[in-house]
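Take a look at this single chain in structure tokens; it is the form predicted on its own.
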């Protein structure tokens, strides 16, 4: 049986120089496929609001929505570490509110950890969650929940700020750090500067692992495609072909045939 992945597994992987894989997942069928394929960590990202619910960004996503999708993913997972995003305004108001919402997500889903965005400004919040036994994955660089403040989805190049953010997240006790849309040289320096594993998305190959959004890498989402995404399959086109074939066979009377009918 494949090894069960937890937060200490990821730390050991960094020490051994073994790259970490993370893919977003939002439902039971895909969670099973990701788990069986050997992906180390499944991130129930608030990107679900964009690629599944059709929101223009992640801001409208609620805690209840994250719990619904988180439960489905946990039910479909036997070995991968499941991490669930804390959605916008579920942890920014106060530390006590962050404890309540993160605790609720952990309790009601059975996930192994939560993820939140922010560096220096979130250091005390991360420390407070870790202190009550909630593993936290940090997220710096392009933080989608702050898209309006950042002026859009832009590459983040402020090296000093990024290094300080990474150090703050690590010092607070986070077990891992997602680095998004940061020049590869800076992301590599961050990865060398902290002891915790770094997971890059649009941050080059120098990170300790990589994460992509499932619907992007399988071409299931066609509104836009970030330049850092590699499409490993084209399931969107295959799905459209299959549905068109089904429609043609139904309308022409080919389906259902005798083998698909009861006598």
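Positions refer to the first chain, counted from 1. Keep in mind it's a predicted model, so treat the numbers as computed, not measured.
Omitted here: the form predicted together with a small molecule. The next part is about that form.
With the partner omitted here, the stretch from 218-226, 42-50, 233-241, 28-36 that lies within 4.5 Å of the small molecule by heavy atoms in the model of the complex is 42-50.
Every residue in the set 24, 201 and 213 has a non-hydrogen atom no more than 4.5 Å from the small molecule in the model of the complex.
For residue 126, no non-hydrogen atom is located within 4.5 Å of the small molecule in the model of the complex, even though that partner is not displayed. Contact annotation for residue 178: at least one heavy atom lies within 4.5 Å of the small molecule in the model of the complex. Looking at residue 165, you'd find every heavy atom of it more than 4.5 angstroms from the small molecule in the model of the complex.
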